[in-house]
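For reference, the chain that follows is the form predicted on its own, supplied as structure tokens.
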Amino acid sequence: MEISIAAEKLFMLGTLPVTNALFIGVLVSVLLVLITQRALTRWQSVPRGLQNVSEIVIDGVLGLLESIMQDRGMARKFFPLIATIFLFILLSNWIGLLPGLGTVGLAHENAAGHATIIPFLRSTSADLNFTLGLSLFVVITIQVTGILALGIGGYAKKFFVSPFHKPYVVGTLMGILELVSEFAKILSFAFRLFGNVFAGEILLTVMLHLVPYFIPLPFLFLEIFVGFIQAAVFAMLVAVFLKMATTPAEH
């Protein structure tokens, strides 16, 4: 067994290295598209089966957004983004817990000459490249949304205080802290998600190698719960920051 922070390369697609995390990310994306298309093509006035599950998820996420944003119109506007982020992270976290995690993969010999494997399954959220990319996308989206809602001048008031504003010094310091916090969100989003999911996968891998039967089950159920919580926390934080970005500075 070899633990690697970086996602392991499975094969090359031209000049693109396909890692196990990228493979799972593509698999989750395709799965979400197929489930959505199947639910939409078989939508009925009396729901059943997959439509029931879809409506439960939609109502739950939309209700949560309404409670956060206190505005149904805004909640419906941002629902596609928040729901996509939540479902992608959730399925990515859970697929990484399937049987074979860390035990089924390609034969490999490490730099020290020891035989090991490159696992096929690795949650996309356990790849720091993905969490940094997602966090950067989310933070840019928040800034753009704030500018579109308040205008450049109105949004700038959150960070830059007029010299005629009293107390000017305190307002300037608060503005600088707010500006720094916007950049800090990238690292906060990325390392929170990566750290929790990666640590969970390492824990399960170690337990499966030490005691392969029964003992790892409580840890597996714990990681299922943690995977859901991390997806929900990430989505809720995006919703909160979007609400804050569209709220005028005086409020």
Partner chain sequence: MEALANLGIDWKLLLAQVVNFVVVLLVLKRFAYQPMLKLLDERTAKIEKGLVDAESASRKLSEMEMKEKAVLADARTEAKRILAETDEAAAKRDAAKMTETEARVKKLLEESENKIAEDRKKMLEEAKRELAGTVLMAVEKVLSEKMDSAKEKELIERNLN
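Positions refer to the first chain, counted from 1. This structure is a prediction, so every number in the text was calculated from the model and none was measured.
The same protein also has a form predicted in complex with the partner chain, omitted here; what follows describes it.
J.: Could you confirm whether residue 19 comes within 4.5 Å of the partner chain in the predicted complex, counting heavy atoms only?
T.: Residue 19: yes, in contact with the partner chain in the predicted complex.
J.: Closest heavy atom of residue 137 to the partner chain in the predicted complex, within 4.5 Å or not?
T.: Residue 137: yes, in contact with the partner chain in the predicted complex.
J.: Quick one: is residue 94 in contact with the partner chain in the predicted complex, heavy atoms, 4.5 Å cut-off?
T.: No, no contact at 4.5 Å.
J.: Within 4.5 Å, heavy atoms only: does residue 54 come near the partner chain in the predicted complex?
T.: So residue 54 counts as contacting the partner chain.
J.: Among 178-186, 57-65, 199-207, 217-225, which stretch has residues with heavy atoms no more than 4.5 Å from the partner chain in the predicted complex?
T.: One stretch meets the cut-off, namely 57-65.
J.: What residues of 16-43, in sequence order, lie within 4.5 Å of the partner chain in the predicted complex by heavy atom?
T.: Residues within 4.5 Å: 16, 17, 19, 21, 22, 25, 26, 29, 32, 33, 36, 37, 39, 40, 43.
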